Structure formats: structure tokens, C-alpha cells
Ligand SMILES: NC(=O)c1ccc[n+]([C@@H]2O[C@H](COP(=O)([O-])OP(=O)(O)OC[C@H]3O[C@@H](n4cnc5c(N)ncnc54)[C@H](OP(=O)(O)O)[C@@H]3O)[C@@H](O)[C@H]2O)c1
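The form predicted alone is given below as one chain in C-alpha cells.
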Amino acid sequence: MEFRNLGETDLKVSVITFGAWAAGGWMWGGTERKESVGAIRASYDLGVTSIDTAPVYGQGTSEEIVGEAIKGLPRDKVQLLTKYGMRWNQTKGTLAFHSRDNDGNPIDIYKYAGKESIIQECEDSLRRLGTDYIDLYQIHWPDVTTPISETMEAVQRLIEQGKVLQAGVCNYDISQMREAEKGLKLASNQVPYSMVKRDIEEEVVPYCLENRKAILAYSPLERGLLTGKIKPGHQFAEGDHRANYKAFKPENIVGVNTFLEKIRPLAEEKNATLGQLVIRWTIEQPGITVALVGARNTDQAVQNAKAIEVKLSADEIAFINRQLEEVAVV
């Protein structure tokens, strides 16, 4: 495995990081805990020591699964990345969306990052994860109802108490990052990025490169679209959000699969899957520190981890980029 520091901090993370959203089942058609725990352990055995989760993923389920998976592992050999600011059990802040929990019950998700809320969320996450500190604590989405200064003050307090090692943000633009840094030093910004969703290259990537902030790219496989396994007419399980996600419109599926067929010979030449080729391309992009990749079972986890074995030359990356010029999915 390869490891990189998050920004200017001394926190090293595996460049392929286990993304535990799908493991929590919420919005992915449910979960099988035993398989999810197995996926995380299999990833760890192959050097994927960093795990990204969040309380809202299954309303605590994902963090509990992560906690179960790391139980008995050396704590200093695992990097736990979790989040705060998406509440399903109170109504402060801004209503983000209506949803359903893993049992099918309706729930409302609110974006809220008030000081006392963060302190409580941290305690709840520590308990679910079975640890006494979080390596990287990230606001999940911007909260327009709470001053950024108040949010960062709460995180700074948690850092001073030793409950959090480093602070990060998710889905922040550069003005929000600047405001956050008035209160503490940010290690990273976690944002969506894939071969077919590259808008962060306009502002966020240049800003993070200039200011030495890490970028954690989430959904680098575009929620499975870039694996080549999603074909026209694909039927998603009940409760799987991808059924209504714009990237999975029929015309996008056709366009992406056309592109994937053009780069398939390169993957075969390297004895790699399309997904592995996509993951390697992602972590080779300027400014991208980490690719967050999810897995629902051990086989998927092993395939993702072994993407690190794929090597791409500058000419091969240029070839892939030329094929991407004809793909228009955002």
C-alpha cells in the first residue's frame, strides 16, 4: 500500500481508503453486517488502514460496523475518519432531505453543526467506534445556520481534549475553507471526484495544492458506474438511491460504457479490472491525496485494495484522458 500525509499534518493515511457509506446500508438497499465487517478486515489485511465513515450512514450502523471490524486491531495502525453535522434525531438547522432508515421508517435529515451538537456527536461516534480518539473529524456538509467560527471552535476544543487529532471539512468551497481556517488549521477537504465528475479541478484543486491541503476524493467509481458492471436496464434493489441518481440515466450509462470499452484493453494489458484502473487513475491526478472506495463484501474489498498494484505511465494517463474528452456526465 502507499501512504500519504494529510496536508501538512503528520497523519498518514492509505491512498486507497475504505469508504463505509454503503457498509451502513442506508440508501444502498440495506446491509449485511457480517459481510461488511469482513470487507473492512480484508481491506486492512491488504494495507487499507484508513476507514471513512459517518454517523448518518445507517444512523449509527456504519460506525458500529467499523467499530466491530477494528476491534482487536492495533489502534495506532488504523486511521478513523468520521464526520458530524448531519442529524436525524433533532430538527435544528436546515432540512437536507426526507429519507427512510434501514427499516423503511421515514426520517428527516438536517444539516446542523452547532457547538453543543458537535460535542455530543463526537461522544456518540467515539462510543460506536469503540475508541477514545478520532484521527480526522470532518463536517459532513456546510451548515448555513451556524457560523463557521462556532463550528470550528467546537472542533478545536475536541482537539485540545485529545478526542480529535486533525480537523477536516467535506463539500466546502474555497471561501468556506478560508473562513474555517480562521479558527483552526484544516488538514483536508473531502469532495466528490471521478473521471466523469471533475468540477473541483476549477477552484478546489488549485486552492488545495497552493495551500497544501489534502483532497479526499469520494465516489471515484461514480457509485459503481465506472466499474463497467452497470449495464442499460440495470435494476437496483429497493432503497438503493442510485435508481434516481442522475449519473445513472440511460444515456449516461451508455456513454460511460462506451468509454470503458475504449480503455478496457489497457486494463487487460495490466491484468487489472476496469475499477482498479479507474482507482489508480484517480490517485494519480494532481491534488488528489486519497480515493475513498466502498465495498459491500470481501471480494469487492480485495479488488479495490489491489488497485494499488496497477501502475500507469504518463502516456497511459494521457491516453485515458483523451478518451474521457468524449464523455459528458456530471
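Don't overthink the numbering: it's just position in the shown sequence, from 1. Remember, it's a predicted structure, so these values are computed and weren't measured experimentally.
Just so you know, the form predicted in complex with this ligand exists too; it's not on screen, but the next bit is about it.
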The unique member of R264, K270, R33, R296 whose heavy atoms fall within 4.5 Å of this ligand in the predicted bound form: R296
The unique member of N257, N171, Q176, Q156 whose heavy atoms fall within 4.5 Å of this ligand in the predicted bound form: N171
Candidate spot K12, T61 and R75, all three touching this ligand in the predicted bound form (heavy atom, 4.5 Å): no
I16 within 4.5 Å of this ligand in the predicted bound form, heavy atoms: no
Distance check, Y207 to this ligand in the predicted bound form, heavy atom within 4.5 Å: no
Close approach of L292 to this ligand in the predicted bound form, 4.5 Å, heavy atom: yes
Interface membership of D135, this ligand in the predicted bound form, 4.5 Å heavy atom rule: no
In the predicted bound form, segment of 144 to 152, 108 to 116, 221 to 229, 158 to 166 with a heavy atom within 4.5 Å of this ligand: 221 to 229
